[in-house]
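One chain is shown next in structure tokens, namely the form predicted alone.
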């Protein structure tokens, strides 16, 4: 099982946002510093996160994004569900015999994965020692753009 690049970037961006947005909204360029992706791609991800009400945008010169809910209320499953195209989910064609057994297996596996990801809160990821230690050792990655902070 592989999680898509979009999902991996979304989870990483939400971790960045959770670490950086403690005091004020974070500009996407500040999130972008830690990821090897384009600004337009990150904007697409944040658009979906905003539609799912996981982040909120703040307008103005000191604007940016911040978590729309406390990190304790956001799960990894919420983040992945927000950015993945789920329009094909729930469509079931006519399946019989051995195909039916295989579909049941994949449905069961998908449910197990979803349950696992639903049990991981963003706050737990933010509290992991390796993440907070990285933030402490690399403060430039977790500070606001100096031009915006003035």
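Everything numeric in this text was worked out from a predicted model, so none of it was measured. Positions refer to the first chain, counted from 1.
Omitted here: the form predicted together with the DNA. The next part is about that form.
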### Query
So, in the predicted bound form, is residue 70 in contact with the DNA at a 4.5 angstroms heavy atom limit?
no
### Message
Is it the case that residue 43, even though its partner is missing from this view, gets within 4.5 Å of the DNA in the predicted bound form, heavy atoms only?
### Response
yes
#### Entry: 4.5 Å heavy atom contact, residue 103 to the DNA in the predicted bound form
no
### Message
Can you work out whether residue 57 and the DNA are in contact in the predicted bound form, taking contact to mean some heavy atom pair no more than 4.5 Å apart?
### Response
yes
#### Entry: Output flag, 28, 37 and 61 jointly within 4.5 Å of the DNA in the predicted bound form, heavy atom basis
yes
